[in-house]
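Single chain ahead, written as C-alpha cells, the form predicted on its own.
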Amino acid sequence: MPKKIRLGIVGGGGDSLIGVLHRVASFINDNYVITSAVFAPEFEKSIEFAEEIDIPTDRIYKDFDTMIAEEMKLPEDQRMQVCSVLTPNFLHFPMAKKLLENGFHVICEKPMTTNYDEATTLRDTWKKAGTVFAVTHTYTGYPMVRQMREMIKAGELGPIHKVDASYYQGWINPIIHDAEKRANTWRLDPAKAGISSCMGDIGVHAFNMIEFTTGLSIQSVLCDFNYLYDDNAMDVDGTVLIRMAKHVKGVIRASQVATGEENGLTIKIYGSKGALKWEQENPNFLYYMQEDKPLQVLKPGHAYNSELSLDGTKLPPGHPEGIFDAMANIYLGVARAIRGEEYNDGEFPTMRDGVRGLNFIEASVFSHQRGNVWIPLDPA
C-alpha cells in the first residue's frame, strides 16, 4: 500500500466543527497522516491542542509563514505534501496562494476567497503550480448526491427544465436581533467574511450542488436579499432566480434566520422524463419520480447504484452514512489525484468550483444592490 500522504492543517483547533470534520475525514480511508499544523493564532494553544489530540508537537508552528519556511527546509520526502486551509474566510486566499507558490497541494474550505478577483488570481497561480486543488463542498461527497449526478449524466431524467435548491438554517437568529452581538460576529463582518454572509456561506453550496448534479452551468442570476437591520452590512436571507439556458430555469433559496431550521439543504431536479429529490438531513434517501409510476426511493450500498456512488459507500445497505463519510470521500479523491491514480471527475470539487462559487456570490450581491436585476456569470 502506498505510504500515507503527509497532511498539514491551518486552523481548525479547539472546538471547531470544521476542524473535527476534516481531521476525521482524513483518517477514515487511511490515506493521510497529520505531520504539521498551526491550529490557533496563539502558539501555546496550538501546542496544547496538538497534545490533546495526540499529535507530535515538533512540527506545530507559531504561525503560517513559519510553517511554510520550516517545511520547505525539510527533505522532499519528509515535508508536508498537502495542506488543509480551515481558517476564517479572509485568510483563505493569501494562505492558499502561498501554498501553491511553494508547490504544495491544497484542500481549501469554502468560499475559496472573499471576492472574484482573488479567485481568478488564485486560479492563475494554481495553473502555474500544477498541483492538486480541492474545495470542500462537502455535500458532493454523499453517495446519493453522486448517484443523482450519474443518473442525470446518463439521461435518465431527460432534458432538464427546472431546478430548485434551498438551504435553510436558523443559527444567526439569536445573534441578528442583538445589536452588540451582530456587530461582533465575524460572519457578519465584510472584512472577515467577504462580500456576503448567507449566500457566501450556504447559498453557494446550493449553487454548487445544482451545477455538480446537473452538469449544467448557471448563466445569470436575479437576487433579492434581506439584511433585517439597517446597521447590518451582510445578507442573512436571500432568494435567487437562476437561468441555465433559454428553457432551463430555477431558484436558489437560502436563509440563516429560518427559525428552528438546522441544516436544511434540499435539491430537486426536474426533467422531461423524471425528477430527483435529495435532502441533506435524510442523506440516505434519493427520491426518483416519474410520470405514471410509483415513487422510487433509492438508498446507498445497493448494486443498482452507479460506480461513483458505490465507491463512496463504506457500509452495507441499511447502515447510515453521514457528513464525515461525505468529507472523507472528498479526501479520498484528493489522495488519488495526488498519487496520480485514475479517478472520476466527480470525486472532489476543484478550482473551477471555487471560482464559479465566487462568481455566483458576487453576481447575487450585485443583482440586489443594483435593484434586483439580472447579472450574467462568466462562462464556465
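Residue indices: 1-based, along the sequence shown. Predicted, not measured: the structure shown is a model, and the values here were computed from it. Superpose the two forms; the largest set of C-alphas matching within 1.5 Å is the rigid core.
Although it is not shown, the form predicted together with a further copy of the same chain is what the next lines describe.
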Although the partner isn't part of this model, could you tell me whether residue 253 comes within 4.5 Å of a further copy of the same chain in the predicted bound form, counting any heavy atom of the residue?
yes
Any of the heavy atoms of residue 88 lying within 4.5 Å of a further copy of the same chain in the predicted bound form?
no
Are any of the heavy atoms in residue 352 no more than 4.5 Å from a heavy atom of a further copy of the same chain in the predicted bound form?
no
Applying a 4.5 Å heavy atom distance criterion, does residue 368 contact a further copy of the same chain in the predicted bound form?
yes
Interface residue in the predicted bound form among 153, 162, 181, 127, criterion: non-hydrogen atom within 4.5 angstroms of a further copy of the same chain
162
With a further copy of the same chain left out of view, which of 299, 110, 98, 187 would have a heavy atom within 4.5 Å of it in the predicted bound form?
299
Location of a further copy of the same chain contact in the predicted bound form, chosen stretch of 68 to 76, 207 to 215, 127 to 135, 226 to 234 [non-hydrogen atom, 4.5 Å]:
226 to 234
Judged by heavy atom distances of 4.5 Å or less, which residues of 274 to 297 approach a further copy of the same chain in the predicted bound form?
274, 275, 277, 280, 281, 282, 283, 285, 289, 290, 291, 292, 293, 294, 295, 296, 297
Rigid core superposed: residue 310 CA moves 2 Å or more between this form and the one not shown:
no
Could you tell me whether the Cα atom of residue 233 shifts by at least 2 Å between this form and the one not shown after core superposition?
yes
